[in-house]
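Heads up, the chain shows up twice below as structure tokens, two forms, tagged structure 1 and structure 2.
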Structure 1
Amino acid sequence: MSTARENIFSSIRSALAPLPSRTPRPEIPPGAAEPCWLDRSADKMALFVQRAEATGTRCFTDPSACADWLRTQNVSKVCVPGPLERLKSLCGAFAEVVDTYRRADVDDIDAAFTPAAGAIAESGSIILSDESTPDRLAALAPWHHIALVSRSEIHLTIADALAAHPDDPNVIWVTGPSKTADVEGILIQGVHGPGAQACLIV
């Protein structure tokens, strides 16, 4: 084992040794990668909603509007974790509600709410982490996924989100519903992950 490691490191070192000089680490100017339309003083929440909708993520600020949407989608079994009593009763009006996601139910649960770690306004992305979102499958397998995003945890830019990366073994940014264009370049949503991605801003 260690010999492979040593081999590789020694080949790298001897490859680099003859270089007369090495490229220095570039200074990344603040805002270097920000799109030119970005307004640093913009309202983060408004920008997030605009960008998220543009990538196909539905945004709700009112739980009952969100529940109404699920009803029109003919959702029959919803996973609403933990102490979200209001959502539970809203969804309970038209669907079966469970509060833990079980693998055995993977074909039956067609909507799930999961708490998010934050969001990114610039790209309209939702941030999920192991800490915030206990079950990776719950946020992925159902056709409808609704992330619960706290208003105070919206970062303005991708760079800001990277700088504030949670110390978590797994962080994922979700930007719109799962999609593919593999077949003749035609866009189809809902390949492996949610076909309908939403967020409820609380």
Structure 2
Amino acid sequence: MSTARENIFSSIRSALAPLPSRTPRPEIPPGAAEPCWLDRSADKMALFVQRAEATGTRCFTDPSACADWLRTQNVSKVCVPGPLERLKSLCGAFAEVVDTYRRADVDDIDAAFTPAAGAIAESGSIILSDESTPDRLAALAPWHHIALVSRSEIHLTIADALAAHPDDPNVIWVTGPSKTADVEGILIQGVHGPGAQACLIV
């Protein structure tokens, strides 16, 4: 005999079951989301830095300057993944450096570098995807997050970014540090993600 509880759990299991096929991403016609104010000949990197810093993202093109900023933030443990030996050396001068972000260390790691899929000059956003940033915890849990953005992956407009990036099950556009506000208008940073967002353009 069926019960309300069994009906509810049966509905949940059905909803969570893998779909036989994914709905294809809709085609976006050229010019559908073209910003009228944006000159196509604009310097993508300069515009990205301007727009990103307007949202609260610190932008660096020199690893030494990025490390110096982290030093002023009094971080004591930094996650630097992969073979980024220069960054490891620079950060190692003032903090403990690890190359893997482990869940057990979530309360100890103050800052983490993660690779980004790209960036958008129009909005000053950093693009994180499952393919480019598989260690999502490292991008969301530390107070200081530094995304590694390739100059060649800076897209001029949102439409350009949508057209250029492949279909990915999980894409996040990061536009400044995490922020939230209550009905009284009190703005708080770092509630749902990093309180200090930066990018190192390489």
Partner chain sequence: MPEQKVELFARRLDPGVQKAVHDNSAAGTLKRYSILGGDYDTPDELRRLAGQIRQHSIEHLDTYLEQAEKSLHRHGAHVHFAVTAEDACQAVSGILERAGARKVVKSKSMISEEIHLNDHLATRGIESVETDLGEYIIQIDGDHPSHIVKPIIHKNRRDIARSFEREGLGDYNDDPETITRRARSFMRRKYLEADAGITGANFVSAESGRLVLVTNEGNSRFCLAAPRVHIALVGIEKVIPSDADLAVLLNLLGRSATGQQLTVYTEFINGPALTGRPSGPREMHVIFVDNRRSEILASDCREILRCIRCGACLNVCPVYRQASGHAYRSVYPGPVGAVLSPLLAGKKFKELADLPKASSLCGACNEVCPVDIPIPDLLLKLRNRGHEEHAPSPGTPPMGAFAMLASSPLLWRAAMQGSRAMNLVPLDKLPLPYLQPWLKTRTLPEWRGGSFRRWMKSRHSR
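Quick note, the numbers are simply positions in structure 1, starting from 1. Please read these numbers as outputs of a predicted model, since none were measured by experiment. The term rigid core refers to the maximal set of C-alpha atoms that superpose within 1.5 Å between the two forms.
Only structure 2 comes from the form predicted on its own. After superposition on the rigid core, the Cα atom of residue 56 is displaced by less than 2 Å between the two structures. With the core held fixed, residue 165 shows a CA shift of 2 Å or greater between the two structures. Taking 2 Å as the criterion, residue 180 does not count as shifted between the two structures: its C-alpha moves by less than this amount when the rigid core is aligned. Once the core of the two forms is superposed, the Cα of residue 21 has moved 30.1 Å between the two structures.
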